[in-house]
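Following this are structure 1 and structure 2, which are two forms of one protein chain, each written alone as C-alpha cells.
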Structure 1
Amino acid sequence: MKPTTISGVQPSGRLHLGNYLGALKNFVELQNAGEYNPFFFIADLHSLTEFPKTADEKQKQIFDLAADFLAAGLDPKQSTLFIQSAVPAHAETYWILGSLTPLGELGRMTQFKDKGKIETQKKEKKEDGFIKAVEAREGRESVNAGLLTYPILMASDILLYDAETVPVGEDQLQHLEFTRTLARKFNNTFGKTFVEPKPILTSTPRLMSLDDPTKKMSKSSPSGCVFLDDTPETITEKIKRAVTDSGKTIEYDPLNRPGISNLLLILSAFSGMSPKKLEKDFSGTGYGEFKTMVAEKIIASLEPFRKKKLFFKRNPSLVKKAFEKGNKTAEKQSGKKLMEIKKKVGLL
C-alpha cells in the first residue's frame, strides 16, 4: 500500500502565488509522482472562522476553490478530492480529540494570536456584515472559539486518514507539530491508533509579500499578492511595483536583500533552476529588465491554469462531479477510522 498524503485549503478568497508555490503546485507534483495515496480537500469548516457575508458567497468560494484544484492539475482519477463538510467524521473526531487537548497549547498557536488580533481590530472598527451583530468587546473575549480550536479540526482531518505526510506552507508547521503531539498523546493513552504525520515543504515554503518582503504573502494584504487569476497586465504591473532595495545587483541574500531574493525564488520555483544559478545568469542585468523577465515567466507559467480555470467555470457540473466520488471515498475511509477511535475511547 502506498503511503497516504493529505492536505486541505480553506475556501476564503482568491488563491495567490504563495498558496500555489507553497502548496497547490506541490499537491499536483505529489499526485503525479504516483508514489502516494493522495487526498486533497476543501477545508470549508475551517473557513467559517471568518464568516462570509452571505451563504451564496461561501458557496461561490467553495466552487471557485474546487475549480482551482482542477485547473492546477488535480485529477479525481488520481487523487481523492473531497469537501470537508461533506464528511461527517471530521467534526465528530474534532470533538473527541478536543477533550484531550490542553487549552494552553491552543492559546500559544501563532495563527490564533495573529488572527485573533485582526479579528479584534475588525470588531473594534465595527465593520459591515455578520460580525456587526456581535457587539465588540475588548481583547480576545470576542474572538470566535473556532479560531482557538482550529488546530484540533486540522489534526482530525489528518489523523482520520493515517496520513504519513502533509504538504503545506511553513505557516502550518506549528499546527502539524500540534497534530503529532496529539497523536502521540492519544496513542499513549488508548493504545496505538494514529500515525504521526510529517510535513512536506516546497522550495518556497514562505513566499514574501511584494509590497513588504519582510512579511509573508497573505490575502489579508491583497496589494502584496499576485493572484492566480490576475490578468497578465495586472501581474506585470504588480511585479514592476514590487519592493526591492536600493542595490543594483541581482543577488540571492534573503536576509539583507529580501525583495530581490523573493523574486529570485519565484523565478526559481517556475524555472526549476536554483536561485544561485539564476543569480549568475542575471549578473549585470538591471532591476527593470529582471522584473520584466520574472513577470513574463509567471504569466507564461500560469497561462494553462488560467485557461483551465475559465473552462471549469463554464462547466460547473464537471467540477461538482469531480468531488462526488471523492466525498464518498473519504466518508468510507474516515468512517472506519472513526469507529476505531470510538471503540478506543469507549463510545462503542
Structure 2
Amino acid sequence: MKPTTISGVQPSGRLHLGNYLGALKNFVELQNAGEYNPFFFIADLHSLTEFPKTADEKQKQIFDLAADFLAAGLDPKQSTLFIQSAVPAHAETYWILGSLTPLGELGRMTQFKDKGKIETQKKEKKEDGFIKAVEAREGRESVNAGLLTYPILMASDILLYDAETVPVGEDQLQHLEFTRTLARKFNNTFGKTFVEPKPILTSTPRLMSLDDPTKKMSKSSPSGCVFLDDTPETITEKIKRAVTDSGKTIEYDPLNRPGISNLLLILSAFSGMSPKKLEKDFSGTGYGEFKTMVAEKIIASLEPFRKKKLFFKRNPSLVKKAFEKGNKTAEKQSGKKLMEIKKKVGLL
C-alpha cells in the first residue's frame, strides 16, 4: 500500500505565484509521481481566522480555489480532493487533541508570535492617545483564538488520515513538529493510535514582493504580487515595474542584490534552470530585456492554467462533482479513525 501524503490550502483570496509554485505545482508533482496516496484539501475552517465580510464571499473563495486545484492539474481519479468543513471529523478531533495540548506549547509557535506583533502594530496605527498605549500593552491578547489553536486543527487534518508525509515549506516545520509531538503524547497516553508524519520539504524558494524584495510576496500588496489570474498585460506591467538594484549586471546575490535575485528565482522556478545558470545565460543583458523575458516566461507557463480555470468556472458542476467524490472518501476514512480515537479516550 502506498503511503498517504496530505496537505491543504486556505481559500482566503486570489492565489499568486508563491502559492502556485509552493503548493499547487508541488501537489501535482507528488500526485503524478505515483508514489503516494495523495489527499489535498481546501482548508476553509483554517481560513476563518480572517473572517469574510459575507457568506457569499467565502463561498466564492472556496469555489475559486477548487477550480484552481483542478486547473493546476490535480485529478480526482488520482488524488482525494475534499473540503475541510465537509468532513466533521476534523473539528471533533481538533477538540479532543486540544484538550491534550498545553497552552504554553501553542504560545511558543513562531507564526502566532509574529501574528501577534502584526495585529498590535495595526491597532497602534488605528488608535490614538490612551487607547493606543493600552493596545500596545495588550500585545497578543488582541489576536483571535483561532490563530493560537491553528496548529491543533492542522494536527487533526494530518493525523486523521495516518499520513506518513506532509509537503511543507520551512515556515511550517514547527507546526509539523508540534503534530509529531502531539501524536507521540497521545500514543504514550492511550496506546498506539497515530503515525508520526515526516516532512517533504518543497524545493520552491521563498518569492519576494516585486515592489519590496525585502518582504515576502503577499496578496496584501497587490502591486508587488503576480496573481495567477492576472492578464498577460498586467503581468508584463508588474514585472517591468519590479524593483531591481543600482547595479547593471544580472547577478544572483539574494543578500546584496535582492531585487534582481528575486526575478532570477521566479524565472528559475518556471524554466527549471538554476539561478546561477540563468545568471551566466543573461550575462551582458540589460534589465529591460531581462524583465521582458521573465514576463514572457510567466505568461506562457500560466497560459494552460488560465484556460483550464476559465473552463471550470464555466462548468461549476464538474468542480462540485470532483469534490463531492473526495468529500465522501475523506469522510469515510477519517470517520473510522475518529471512532478509534473516541474509543481510546472513553467516548465510545
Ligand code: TRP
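Being a predicted model, the structure only gives us computed values, none of them experimental. Residue 1 is the first residue of structure 1, and the numbers go on in sequence order from there. Rigid core: the largest C-alpha set superposing within 1.5 Å between the two forms.
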item	value
Number of the structure representing the form predicted alone	2
Residue 168: Cα shift of 2 Å or greater between structures 1 and 2 (core-aligned)	yes
Residue 232 C-alpha relocation of at least 2 Å between structures 1 and 2, rigid core basis	no
Did residue 107 shift 2 Å or more between structures 1 and 2, C-alpha, core superposed	yes
